[in-house]
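Read the single chain below, which is given as structure tokens and is the form predicted on its own.
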Amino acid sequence: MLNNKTILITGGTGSFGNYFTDYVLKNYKPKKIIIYSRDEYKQFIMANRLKKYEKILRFFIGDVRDKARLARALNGVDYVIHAAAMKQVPACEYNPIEAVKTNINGAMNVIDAVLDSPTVKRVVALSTDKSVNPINLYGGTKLVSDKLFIAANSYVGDRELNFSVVRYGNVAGSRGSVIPFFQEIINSGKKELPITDFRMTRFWINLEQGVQLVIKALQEAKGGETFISKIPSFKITDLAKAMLPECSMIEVGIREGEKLHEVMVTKEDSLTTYEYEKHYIIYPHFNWWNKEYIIEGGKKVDSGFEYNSGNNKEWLSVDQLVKNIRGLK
């Protein structure tokens, strides 16, 4: 599907953008991949790392806050992956207007620029578990962003264009996540790991799984769907044991804006959610949505169903966590 296509990734120098680019270059023959981001140094590093693909890669300095620059970058683009966002919860809390400008206004700019583009056919926006029943500003801005991308489908008319959303939690080993945080403490020689709450659970998803879910959305979406992977859960205390078996743990309390469990599908979402072999899809609930677009092979979940890391059926043991951590880049 990605062969001979031009793909633009906003925030393309981040963890996801780097892995997505590597994955596509390895498994497909794209016509062009455009990395759109505002950090010239990260672009320089990425360009050097992938120098042998310089005929395929293009690097655009630009901000999603700049609609005119987005429009220029979208020239000839077939698919857009929207990964750009302010993601750090404390940074968003301290700089709320900046978070709104990037996560909400930026989403609006991407949508408007795509709707004005004659070539774009698919848009997939990356979301987060924090957009579900949000309790912090980051989650609130991503909830609005998700709603904007889903509603954008009502403006496409007869064009061969659709917008969809992919939702997952913190990617294992990504910047700002718990694994590098624990590793930094371990590297300093300390034997005690801080646990916000001994009951806390999280989903395990790696970058490859995240990329594959995005590609599934590109292939299958008709417009307005939210794709969610079926992935295992783990206890934060088990993760600590996997990383430092002889560690002691201290409970330091949940930080503001943090949840005990990651929620992916709410009870309210259950009314339009279908379960498939390896994922869930939350279908839109609008009068423009055609029920014939529901993908075959799925089963509607029961009313009141909720999918979160605490009630999951699949769990990782300490030994499995050790193996998974070793497999991270």
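Here the structure is a predicted model, which means the values were calculated and not measured. Note that residue numbering follows the sequence shown and begins at 1.
We do not show the form predicted in complex with a small molecule, though everything after this point is about it.
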Report summary line: Partner contact check in the predicted bound form: of 223-231, 72-80, 119-127, 253-261, the stretch with a heavy atom within 4.5 Å of the small molecule is 119-127
Query - The unique member of T201, N162, N136, S174 whose heavy atoms fall within 4.5 Å of the small molecule in the predicted bound form - result: S174
Query raised in the report: Which of these residues, K216, K235, K87, K241, gets a heavy atom within 4.5 Å of the small molecule in the predicted bound form?
Result: K87
Query raised in the report: Taking heavy atoms and a 4.5 Å cut-off, does G62 contact the small molecule in the predicted bound form?
Result: yes
**Report entry** T273 within 4.5 Å of the small molecule in the predicted bound form, heavy atoms
**Finding:** no
Report task. Tell me, yes or no, whether N153 is in contact with the small molecule in the predicted bound form, where a contact means a heavy atom of each within 4.5 Å. Result -> no
**Report entry** Contact test in the predicted bound form: H279 vs the small molecule, heavy atoms, 4.5 Å
**Finding:** no
Requested in this report: Please state whether every one of the three residues P30, Y53 and R58 places a non-hydrogen atom within 4.5 angstroms of the small molecule in the predicted bound form.
Outcome: no
